[in-house]
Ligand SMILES: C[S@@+](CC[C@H](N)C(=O)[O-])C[C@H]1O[C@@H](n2cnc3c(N)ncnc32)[C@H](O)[C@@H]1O
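Form predicted alone, single chain, as structure tokens, below.
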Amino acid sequence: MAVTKHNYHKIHDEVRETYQNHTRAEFHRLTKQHNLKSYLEFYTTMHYLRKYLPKGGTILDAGSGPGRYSLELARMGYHVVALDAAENSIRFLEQRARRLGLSDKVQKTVIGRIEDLSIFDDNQFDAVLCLGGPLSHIMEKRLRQNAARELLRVAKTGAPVFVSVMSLLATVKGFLKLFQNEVTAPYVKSFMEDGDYVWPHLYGFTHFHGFKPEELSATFAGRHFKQLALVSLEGYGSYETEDLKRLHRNKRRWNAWLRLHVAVSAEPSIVGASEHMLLIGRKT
């Protein structure tokens, strides 16, 4: 099924429904106990957040999901406004914030979409996040561009903006490691050409647009945006669940490898092959 203006809203509703039904799993996805590969996504993202975020202020977490990053930043003392299309995710985040005593830091929660942030004023936030791939779940190029404009519009001049997306090229390794039965499927050729993956394939994973690094950069180029970094999040750990488990058994080696992983995360030859990549820039 091709993505057209006639079926876009149906596709969006199916993506939202996926996250509505898997709220708790999505919250725990980024923990070491659940999946070391996904933990790399969280670990590397937090490394770059600590590097580029201001020392304080109010952060918009656009496409927050159930709040893994919102709550972590609230613990660090930031004020957070969270927005997500899935109501269950927002309610889960509110409940966790109350349980952790962070409701004063999670200042506002909003059910909404990143392509329309009209509820917020221009130049409102000290930093803007769009993490975990929300931009990849927008299956129409025009609306992805709208989202980029909106994310920058609500950021203050000089504020850092962080956007992570799902990679197109990493799926080639996925076909080798996990989805060999899919290699001959008719959709593979069109997917590699336009990046649009439309469910149902890959064991039922929901619709997404896979980016190449240059496409992600181009989405934000020329929009009062200075690119600071483009980095891989899982890097060589993409689809390497068993190797990561083996390495994690030795704490000293694991910590040494994490340092190595971060040190090479901005290498262009690695960025496109990572399951997720993170664009970091500053509004000008």
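In this text, residue numbers run from 1 along the sequence as written. Please read these numbers as outputs of a predicted model, since none were measured by experiment.
This next part talks about the form predicted together with the ligand, which is not shown.
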| remark: Of the candidate stretches 153 to 161, 189 to 197, 93 to 101, 132 to 140, the one with residues having heavy atoms within 4.5 Å of the ligand in the predicted bound form is 132 to 140
| message | in the predicted bound form, does residue 126 come within 4.5 Å of the ligand, counting heavy atoms only? | response | no
| said: Just checking whether residue 65 would be counted as a contact of the ligand in the predicted bound form - the rule being heavy atoms within 4.5 angstroms. | reply: yes
| Taking heavy atoms only, is residue 170 within 4.5 angstroms of the ligand in the predicted bound form? | no
| Does residue 271 reach the ligand in the predicted bound form if we count a contact as any heavy atom within 4.5 Å? | no
| In sequence order, which positions of 78 to 115 have a non-hydrogen atom within 4.5 Å of the ligand in the predicted bound form? | 83, 84, 85, 86, 89, 112, 113, 114, 115
